[in-house]
Every structure is written in structure tokens, then in C-alpha cells.
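This document starts with one chain, in the form predicted alone, laid out as C-alpha cells.
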């Protein structure tokens, strides 16, 4: 068991990195506009990320597991560590990078090292969301912006009352966004461990809950690691997202957070997918979407809706470079580290 915990440590490190970086995507605009204090945002984010991870996190993990069948714990450890180091490097640069991109890059590095066939259908599905999700977030943000503008124009609300409503709306949107982040992105943190962990762990019977599966146990550990990252290291990136790309008002901050949360939820909800398919309607694939890309897309959408004059394209360019570099760096880290783990430490990685 101690050896298993050592192997899982890289997944916990990746969870910490996700909390340090991706919490900014949910609460950065609220904290950046000083409508919500950092400590309150961190607490609410942590609680609802864990709830979303444990009870709704299994959907997005199915597509990620198809990308690479990692049945050895040492291989999963190395992949998660490579992804975590990639995110950590970008976090040190105060850039809101994508944990989804880092883990996908690390899995591709493993596939190259192991000479394992890549499921290109799953890969292209994930690549497609990297393009589609920020565009969808921008469109949702534009629609919400004009809807909220219409309501504010035709419903007279006192400024003090409006401030109170906006603060409450930001908190509720942040809670929804945190839940969606946990549900969608926990697959990035613990998804590579699912197959190997089932050889070691067993389901637990809990009162009032029933069977607590191995996957839920893993996702709970990952959720706790995300919470640790939120509290210890997320404030710098929150300020980059909240004030760097486009100066947001409290109302537009609410629109941005809600837009991103909606997009994350669409790609994580098993129930919604089953409902749409039952009605013979097109559904969204269950894929771990980049919360960084969805939040940046929403910020750009608000900027476009307001005329597009004040978007900081220099910071946006830096973020875009981070998006491109992250999977490449993660793949390189993964390949090199797998070679070391297998040939120096004599651990079976595939």
C-alpha cells in the first residue's frame, strides 16, 4: 500500500496544479473585480469541486481512458507527473494553461514510448473541443451579455440593490462553475489511474450513500488535492484572468463565469447526453474540456459584445502560446521520464 500511495502522489500533484491554475478560471473574474474575497472564493470552490468530482466525474473520464489504456501504476504515475510539471511551469509564469492539454500531451508521449496505438477517434474528439469550446463560450457570453443588458435597461434596479444581486449572482455562478470544473476536469487528474487502481483498491460500503466505488475514491483524493491547490497557489492566476485580458465589471464577470460553467457542464453531464440522445437530438461528447479555454473564450465574447476595443491582445497572445506549448512540453516530459522510470528505476510502465 505505501508503494501505491507513492505512485498516486503524482496524481495528487497534478490535482494541486489544477487547483492552483484552473480555479482562476471559475473565480478569477469575481476576485479580480473585488466582488468576492479570495478566501471565500477558495472555500466555495474547494467544496463544490469535490462534490462535482465524486458524483459526476465519471462521464468525461471515459473518453480520456480510450486515448491510452494505461494498466500499469508506474506508467500512470509518470504520465500524471509529466502533466503536473507542465502545468506547474506555466503556473509559475502566471498563465492560465489547460490541464486537459497537459494530460493529453503526456498520454501521447506515453503512446510514443510504449509504441501503443492511439485511438484517433478519441484524440480528434478531444482536439475538436479545444477549438469548439472557446468559440461556444464566446457565443454563450455574447447572448448572455445582450440578455442581461436588455433586462437592466427595462427593469429599474437601485444601484445598491443591483450591487447585492450581482454579488450573489457571482457566487452562485462560481458554485456552478466549481461543480462543473470538478465534474469535467477530475478525469485529467485521476483518469489515468482508474485501470491500475482497480487491481489494488476495492469498493467501500458507506451508510446513506451505498457503494463508494474505486473511481469515486480516486476522484475524492483528486478533489482534495485540487482544493489544496486552490488555497495555496491560485491567487496570482486569478488576477491574470480577472483583470489581464479584458477589464470586467462585476456584471460582465458574472456573464463570463456562467458562460464557462455552462460549457463545462455540457461536456460532462451524462444525464444531459442521455436525454438528448433519447430525443434523437445531437449531443455533446463527454470530454474533459479546457476550463482555461472556455473562460478565455467567454471573456473575449464579452469584449466583442462591447465593441472589441479594449481586449488586451498581448496577454491573449501569451496565453495562446501557452496553450500550444503545453501539450508539446508535456509529451516531451512524459517520454523522457518514462525512459528513466523504466530503465533506471526498473518499473514497468506499459
Partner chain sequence: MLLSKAAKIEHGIDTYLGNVLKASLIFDKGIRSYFEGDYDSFSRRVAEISTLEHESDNLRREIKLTLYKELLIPDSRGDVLGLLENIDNVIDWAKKVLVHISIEKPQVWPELKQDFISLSDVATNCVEELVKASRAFFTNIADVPDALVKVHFLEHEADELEARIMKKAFSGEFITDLCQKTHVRYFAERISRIADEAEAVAERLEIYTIKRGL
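Residue numbers count along the first chain shown, from 1. Note that this is a predicted model, so its numbers are computed, not measured. Between two forms, the rigid core is defined as the largest C-alpha subset superposing within 1.5 Å.
Below, we turn to the form predicted in complex with the partner chain, even though it does not appear here.
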Name the residue from 117, 160, 278, 207 that puts a heavy atom within 4.5 Å of the partner chain in the model of the complex.
160
Which one of 274, 71, 232, 249 is close to the partner chain in the model of the complex, taking close to mean a heavy atom within 4.5 Å?
249
Although the partner isn't part of this model, could you tell me whether residue 125 comes within 4.5 Å of the partner chain in the model of the complex, counting any heavy atom of the residue?
no
Please determine whether residue 39 contacts the partner chain in the model of the complex, using a 4.5 Å cut-off between heavy atoms.
no
Does the 4.5 Å heavy atom contact test between residue 318 and the partner chain in the model of the complex come out positive?
no
In the model of the complex, does residue 33 have a heavy atom within 4.5 Å of the partner chain?
yes
Please identify, from 133 to 141, 164 to 172, 221 to 229, 194 to 202, the stretch that has a heavy atom within 4.5 Å of the partner chain in the model of the complex.
164 to 172
In the model of the complex, does each residue in the set 333, 341 and 348 place a non-hydrogen atom within 4.5 angstroms of the partner chain?
no
Would residue 58 count as moving between this form and the one not shown, using a Cα shift of 2 angstroms or more after superposing the core as the test?
no
After fitting the rigid core, is the C-alpha of residue 32 off by 2 Å or more between this form and the one not shown?
yes
